[in-house]
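A single chain comes next, written as structure tokens; it is the form predicted alone.
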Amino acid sequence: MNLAEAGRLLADECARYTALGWMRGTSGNLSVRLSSSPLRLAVTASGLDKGELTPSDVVEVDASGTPVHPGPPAPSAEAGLHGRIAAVSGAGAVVHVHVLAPVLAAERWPSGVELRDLEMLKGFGRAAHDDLVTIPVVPNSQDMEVLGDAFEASYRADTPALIVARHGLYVWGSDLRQARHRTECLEWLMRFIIES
């Protein structure tokens, strides 16, 4: 995939999440893998209204989140965490949205949010019954290396999500579509447990 194609896909996905109210203001960011060796990602640019993103509002970054071609636009400040998630998990896409339910769930269960015996878990890639799924919760930090270390310490290959306390949700998949489906299912699951 080239940067232009990635930009079109990312702009479309951002518009979708903005319409759901999951990327308020300029919050949230998405990335998609451009290459694996070396690892390169296209990540949404910093400080822009995600509902108005154009295909050129993306930046190519390396595994540490550093722009491959410095200059405007700047990548999201969280590009380094996207790089770490992609490197460790092998993900083709990472979604970071500021949905309320996971943040509230993390307030109640700061050691991890446990889910089980819910049909929607199948859409998240897990079994609907007799499968305890724990979504890791890590403390927020403005230092992406600290957040990356916390992600790695809590990472499980069968649980493609991370809640950053008092911040938001990261979900990943093989591509943007799978990451979106997992994000939608996980948001439903989080709403269920905090509202039940």
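Start at 1 and count along the sequence shown; that's the residue number. The structure displayed is predicted, hence computed values, not measured ones.
What follows is about the form predicted in complex with another copy of the chain, which we do not show.
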So which of 148-156, 126-134, 37-45, 61-69 is the stretch with heavy atoms within 4.5 Å of another copy of the chain in the predicted bound form?
-> 126-134
Using a 4.5 Å heavy atom cut-off, are E5, D57 and R84 all in contact with another copy of the chain in the predicted bound form?
-> no
Could you tell me if V103 has a non-hydrogen atom within 4.5 Å of another copy of the chain in the predicted bound form?
-> yes
Would C185 show up as a contact with another copy of the chain in the predicted bound form if we use heavy atoms at 4.5 Å?
-> yes
Do W22 and another copy of the chain come within 4.5 Å of each other in the predicted bound form, heavy atoms counted?
-> yes
Applying a 4.5 Å heavy atom distance criterion, does L118 contact another copy of the chain in the predicted bound form?
-> yes
Looking in the predicted bound form, the residues of 43-70 with a heavy atom no more than 4.5 Å from another copy of the chain, listed in order, are D49, E52
